[in-house]
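Next up: just one chain, as structure tokens, the form predicted alone.
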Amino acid sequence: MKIAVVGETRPGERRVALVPGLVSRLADVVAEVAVESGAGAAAGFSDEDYRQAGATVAADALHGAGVVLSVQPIPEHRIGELAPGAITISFLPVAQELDLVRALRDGGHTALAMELVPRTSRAQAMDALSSQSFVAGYRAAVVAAEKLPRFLPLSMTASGTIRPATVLVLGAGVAGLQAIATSRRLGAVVRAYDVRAASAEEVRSLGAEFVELELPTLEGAGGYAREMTEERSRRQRELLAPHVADADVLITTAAVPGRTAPVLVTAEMVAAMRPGSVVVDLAAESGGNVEGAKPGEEVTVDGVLVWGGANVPSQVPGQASQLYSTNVVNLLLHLRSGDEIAPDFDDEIVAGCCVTHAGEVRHEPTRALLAAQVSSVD
């Protein structure tokens, strides 16, 4: 079987789905690893790096591939280059890619979506959402430090003492915890809030203060927070307002794949922050935790800079690619059955992340979206 690694063509995408250092892990599984020319260049990996790792590098690497690895979904117009029944492994935001899902289904291909890998202990090594959130959390803290027009750490000099900056992190999942840890390493005083009960201990373990709002916790499935009512959301914003106003930096990280991000901070709350403060919204692409945040843009609200994240992991492409590649290779090896790559749909990991297979859409929410699309046309 031939595995192809395609170059990313979507604007701003600098990652690559397989780094040279992991090519050797596939040697016992496939006959050939083919990489499109220049596929790793934006992440810092040359064609020669891949050749030395044992891969073939060619402009037509995708042609006839039985397995295709990418970060973003492969373009619909390239599906015809795949071998019959090929497997694609990538992120696949189905709500935005229904035409592509339909084309993969009609082509009889198996499409595995990395964001649908179950968030279980057994699947941790394949959890690309977590690995990329880890990168995004680091990047958020670095962006905040760069944009803030003052020091983060306590500084005691002959000319006087400079107090440390205060960072408030909303959302203590993988991205939030990494933002907390990085901000602490940079010397800031860090506070954090999350609706999940277990988050308090995790926040404190990193040396940060957990903000207690005396609201009921909201535990959801798969490690995510449960959706809150509008009344709960309003009360939470009221209680968070003084903490936001007191922060020099606000980092928001609350996002659930496939859903609109909850609005945690209103424009009025941002306007109450001190001029020169910085807001970093990692959820800007999915609607934003901060009212007025725009993905990929910086806006100013009453002297407060609001930085909207857009494909943030790709801004640290080398390490993001390393982590994502590990997730992809682990999933690929998980599909191995003897000398073949053969999905086992009795396995919860495979069943959970499979969107299409053998001419069918196996992912129930995607089937519903396609049916609704057809109904709206009729």
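Residue numbers here begin at 1 and follow the sequence given. Values in this document were obtained by computation on a predicted structure and should not be read as measured data.
Keep in mind that the form predicted together with a further copy of the same chain is not shown, yet the notes after this line are about it.
Quick check for you: of 107 to 115, 255 to 263, 283 to 291, 122 to 130, which stretch puts a non-hydrogen atom within 4.5 Å of a further copy of the same chain in the predicted bound form?
That would be stretch 122 to 130.
Can you work out whether residue 160 and a further copy of the same chain are in contact in the predicted bound form, taking contact to mean some heavy atom pair no more than 4.5 Å apart?
Within the cut-off, so yes.
In the predicted bound form, is there a heavy atom of a further copy of the same chain that lies within 4.5 Å of any heavy atom of residue 270, even though the partner is absent here?
Contact check for residue 270: no, nothing within 4.5 Å of a further copy of the same chain in the predicted bound form.
Answer for residue 182 alone: is it within 4.5 Å of a further copy of the same chain in the predicted bound form, judged on heavy atom distances?
Heavy-atom contact with a further copy of the same chain at 4.5 Å: present for residue 182.
Is there a heavy atom of residue 152 no more than 4.5 Å from a heavy atom of a further copy of the same chain in the predicted bound form?
Yes, contact at 4.5 Å.
Just one of 228, 301, 142, 211 has a heavy atom within 4.5 Å of a further copy of the same chain in the predicted bound form. Which one?
When a further copy of the same chain is considered in the predicted bound form, the option within 4.5 Å is 142.
Just give me the single entry in 83, 186, 189, 240 that has a non-hydrogen atom within 4.5 angstroms of a further copy of the same chain in the predicted bound form.
By the 4.5 Å heavy-atom cutoff, the listed residue in contact is 186.
Is every one of 146, 322 and 326 in contact with a further copy of the same chain in the predicted bound form, taking contact as a heavy atom within 4.5 Å?
Spot residues vs a further copy of the same chain: full contact, yes.
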